[in-house]
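In the form predicted on its own, a lone chain appears below as structure tokens.
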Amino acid sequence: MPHRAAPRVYLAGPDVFLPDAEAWAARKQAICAGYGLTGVSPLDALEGEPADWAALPEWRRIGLRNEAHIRGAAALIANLTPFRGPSADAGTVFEVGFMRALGRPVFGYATVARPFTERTLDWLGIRPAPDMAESVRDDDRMLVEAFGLFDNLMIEVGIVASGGELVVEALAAAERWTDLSTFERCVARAAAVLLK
């Protein structure tokens, strides 16, 4: 019986901004391997990268490489922990949508459990009366999303509709970016779907 290659999963998230980001990526890839998956980091070289990309600015090469990695993956696992604001990293959210558009499973995890509405209101410095929580508007008169979800509804809709899952757990602030236990639980869920 031929050996089945481990499904490739793209590891999206702002972890690329951590000190020693390569070491963190290697740790995440080792966890993936333990569950029979091949973790692909945005920091990984792209096999067969077109030679003409060398003339492009670095930011374009990074974007094209990441899109190519996503196209070559069976699924995506996204770190959706709020980043520099009440919501997930914008680049990571783009990658979630990109994989969803390819029709492949998207899994997400976060190490902050407070709902998006609460985080947004705190970020805006708004303290609504309890009976006003569903209809709060910011200083620009824009309605604050209040569905009780972890993040913007389109992120969760994309994950659920793809056949993936969102794993959310509250970790201490000091461990938010370095504790990989929530990531590992998400990897286990992804492996259960991809390897059945």
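None of these values were measured; they are calculated from a predicted model. Position 1 is the first residue in the sequence shown; the rest follow in order.
Missing here is the form predicted together with a further copy of the same chain; even so, the following discussion is about that form.
Asker: Quick check on this chain: which one of 33, 144, 168, 46 has a heavy atom within 4.5 Å of a further copy of the same chain in the predicted bound form?
Answerer: Of the listed residues, the single hit is 144.
Asker: Whether residue 26 contacts a further copy of the same chain in the predicted bound form should be assessed with a 4.5 Å heavy atom distance threshold; does it?
Answerer: Close contact is absent here: in the predicted bound form, residue 26 is far from a further copy of the same chain, nothing within 4.5 Å, heavy atoms only.
Asker: Contact with a further copy of the same chain in the predicted bound form for residue 188, defined as at least one heavy atom pair within 4.5 Å: yes or no?
Answerer: The answer is no: residue 188 has no heavy atom within 4.5 Å of a further copy of the same chain.
Asker: Does a further copy of the same chain get within 4.5 angstroms of any non-hydrogen atom of residue 39 in the predicted bound form?
Answerer: Residue 39: no, not in contact with a further copy of the same chain in the predicted bound form.
Asker: Is there a heavy atom of residue 127 no more than 4.5 Å from a heavy atom of a further copy of the same chain in the predicted bound form?
Answerer: So residue 127 does not count as contacting a further copy of the same chain.
Asker: Hey, which residues along 72-87 are within 4.5 angstroms of a further copy of the same chain in the predicted bound form, non-hydrogen atoms only?
Answerer: Sequence-ordered list: 83, 84, 85, 86, 87.
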